[in-house]
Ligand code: 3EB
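Given next, in structure tokens, is a single chain: the form predicted alone.
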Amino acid sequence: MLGASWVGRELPAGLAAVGLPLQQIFAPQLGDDSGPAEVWFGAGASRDSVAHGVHFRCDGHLLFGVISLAEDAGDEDATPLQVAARRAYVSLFRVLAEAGYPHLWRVWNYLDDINGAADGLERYRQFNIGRHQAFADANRLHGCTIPAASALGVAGGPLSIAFLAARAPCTPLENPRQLSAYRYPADYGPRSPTFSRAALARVAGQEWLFVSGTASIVGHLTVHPGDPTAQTREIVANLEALLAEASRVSAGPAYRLDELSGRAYVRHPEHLAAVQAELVRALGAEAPIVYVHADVCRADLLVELEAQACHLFARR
């Protein structure tokens, strides 16, 4: 195993004792309180290490790492969250360079009170400034180097970032129904969010599709404010567009909605039934979707879905 994530405020003693790189998501699960773990497996023997505050494990092909930082202090030019975000990503990039896994595929970001305001600026926008600066410092603001990612708000806990990187590059994908997030206008903050809409990657006889956090956005605008059912249907439409893009790039079979697994983040627990009904209709009743009570990056977004799928292919 390379690493794992856990939804919930209490970690099972057995999981904590394994010693894996572990991201704890400080948010309750909705609909089932079993607190599932998501575990990433490598293709061979792995080694464990800690460097620059990052706990990571790698197997010669993939590297999974986790870093958590408290928002200790800012300075005259940056808020505590901006400083923490920049420091976390600087540390992440140092690990990738030193360990020899330069290609960042997928990132999961969780921060407290994502829509709250401090120092005159929404906290998500502060996070974006710090993240963007670290990407700029590392010369990673080109479209081909921007990973799939999600950023969610949780109640408490440090800034927590988990990531999957590799020796081989991935292919970032954009959604034809949406403006690329890293090209958003200044209405959404001093620095645009630094992520691609999805990424396609191959490793050890597998092709992985990583779908970033996907919400009810068309172009760069939120649509269907206040309506969780309509927002979820718009998410499905965006997923279909992304799967079509992935299928166009892939050398294998087309990607389908019913292959996806992932997490659905629901802002208001009373919306769970409506969101779940739409996702079951689109993805099927057996789709392994974990429902999490969390805040989405825009205050007018009620739900977000992140997902992945895997195809096997013949090695050449």
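The numbering used is simple: start at 1 and walk along the sequence shown. Computed from a prediction, not measured in an experiment: that's the story for all the values here.
Quick note: we don't show the form predicted in complex with the named molecule, though the next part is all about it.
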Original post:
Which of Ala88, Ile217, Leu96, Cys170 has a heavy atom within 4.5 Å of the named molecule in the model of the complex?
Top reply: Ile217
Subject >> Contact assignment for the named molecule in the model of the complex, among Asn175, Ser160, Ser150, Thr79, heavy atom within 4.5 Å >> reply: Ser150
**OP:** Give a yes/no on whether Trp208 approaches the named molecule to within 4.5 Å in the model of the complex, heavy atoms considered.
**Re:** no
**OP:** Determine whether any heavy atom of Cys297 comes within 4.5 Å of a heavy atom of the named molecule in the model of the complex, and answer yes or no.
**Re:** yes
Original post:
Do Thr232 and the named molecule share at least one heavy atom pair within 4.5 Å in the model of the complex?
Top reply: no
Subject >> is_contact(His132, the named molecule) in the model of the complex, heavy atom dist at most 4.5 Å >> reply: no
Original post:
in the model of the complex, do Gly3, His52 and Phe64 all put a heavy atom within 4.5 Å of the named molecule?
Top reply: no
**OP:** Have a look at 138 to 146, 120 to 128, 162 to 170, 68 to 76 and name the one stretch with heavy atoms inside 4.5 Å of the named molecule in the model of the complex.
**Re:** 120 to 128
Original post:
For 178 to 209: residues with a non-hydrogen atom within 4.5 angstroms of the named molecule in the model of the complex?
Top reply: Tyr184, Pro193, Phe195, Arg197
